[in-house]
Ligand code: HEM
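Only one chain comes next, encoded as structure tokens, the form predicted on its own.
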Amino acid sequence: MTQVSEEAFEGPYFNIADPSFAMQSEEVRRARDESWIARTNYGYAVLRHAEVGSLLRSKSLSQGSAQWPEHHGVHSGSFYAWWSKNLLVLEGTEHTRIRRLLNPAFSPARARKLKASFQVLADELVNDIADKGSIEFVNDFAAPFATRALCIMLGLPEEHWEFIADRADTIGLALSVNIQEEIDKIDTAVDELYEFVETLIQERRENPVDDVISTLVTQSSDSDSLSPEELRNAIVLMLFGGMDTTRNQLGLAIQTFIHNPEQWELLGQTPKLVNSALEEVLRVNPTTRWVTREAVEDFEFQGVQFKQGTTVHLFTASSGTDVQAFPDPEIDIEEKDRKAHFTFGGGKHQCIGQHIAKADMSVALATLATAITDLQLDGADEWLPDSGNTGPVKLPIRFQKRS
């Protein structure tokens, strides 16, 4: 097979910094039909399911998100310092050690334990909206549910949810190609979460309780433990990632079901299908549009030559509807034999919080589906750029209360 370098590559090209770039577009579908790979203004994009899966496990690629701020002109500041040291971007023994120390806080057993509390929260919020007939979904449900569920998980008083949601929302702007334009307020949000977390750590040292933070604080006194900086950075990551992605994904789920009303009806009538429904939404309309890797060495893959340092975006959203992997790629919540999607990444960097994320989102979707029907858009919606992580900023919907 002839090897092709980036300079000689003549396949599809995307400007992923263009605000009009859309993952679920004819442009991307045509490119995926033509080629498993495309070139972008930030290296390569991998479009198909099989190749995304293989490269997620490749030892020739490292977590490439570490370079995201620098690729967009951000070389210093609070966000830069935090981003360079959080679990998302670390590699090697440092990554393995910190992940091992954090794993108990995100175990399947803990996720199961939390579901009853998530259900109480979902019931409260759904009861508040069911008779209204129309809401702005992000502010009226997705944001309070995601952030209050996070407070439940971490053992925080729910009164903190609006503060956490606001700062997490601001930090989320850093995952957009517009990061440089927003960096001053992003840095301020990181500083404010740092201060909040330092106070929280001190409180748990003085008065430990049965929660995730107390467990991590107690562990920090052991010989094999998180340093004060690692502990702080990990908790800030929990506050950011645990809220931002859940809120966005719930909005994307509602968008998906608005376009597929028969699937929403099926879920409302058969809520036991919720786990399958969630997996299908994660496959066809994920908040994580791509995950980023960087070549740590020169290597060849399927005839393409990757040079050390090359950025490689693995398009999880495109791979989830690849007709070579999913001959009928439309959402089907009764499908039992779907291949795995890559919305939570893969390999050693697979999302550590996925069990809890699935637990809270499945509770939210089942509760909504059994309470309301006839979902429709109710005015102008507003969305984050379709790059990295996306989701609705504003999603007005109308509905009927289910009888």
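In this text the structure is predicted, and so the values were computed from the model without any measurement. From 1 onward, residues are counted along the sequence shown.
If you look for the form predicted in complex with protoporphyrin IX containing FE, you will not find it shown, but the lines that follow are about it.
Of the candidate stretches 45-53, 355-363, 369-377, 23-31, only 355-363 has residues with heavy atoms within 4.5 Å of protoporphyrin IX containing FE in the model of the complex. This chain is drawn without protoporphyrin IX containing FE; in the model of the complex, the residue among Cys151, Leu175, Leu88, Leu273 with a heavy atom within 4.5 Å of it is Leu88.
Of the candidates Ile171, Val291, Val138, Ala122, Val291 is the one whose heavy atoms come within 4.5 Å of protoporphyrin IX containing FE in the model of the complex; the others do not. Highlighted residues His95, Gly242 and Cys351: every one comes within 4.5 Å of protoporphyrin IX containing FE in the model of the complex, counting any heavy atom. Of the heavy atoms in Gln249, some are within 4.5 Å of protoporphyrin IX containing FE in the model of the complex.
Taking the partner from the other structure, protoporphyrin IX containing FE in the model of the complex has a heavy atom within 4.5 Å of a heavy atom of Phe344. Interface membership of Ser318, defined by any non-hydrogen atom within 4.5 Å of protoporphyrin IX containing FE in the model of the complex, is ruled out. Remark: Phe106 counts among the residues lining protoporphyrin IX containing FE in the model of the complex, judged by a heavy atom distance of 4.5 Å or less.
In the model of the complex, protoporphyrin IX containing FE lies within 4.5 angstroms of a heavy atom of only one residue of 52-81, namely Gln63.
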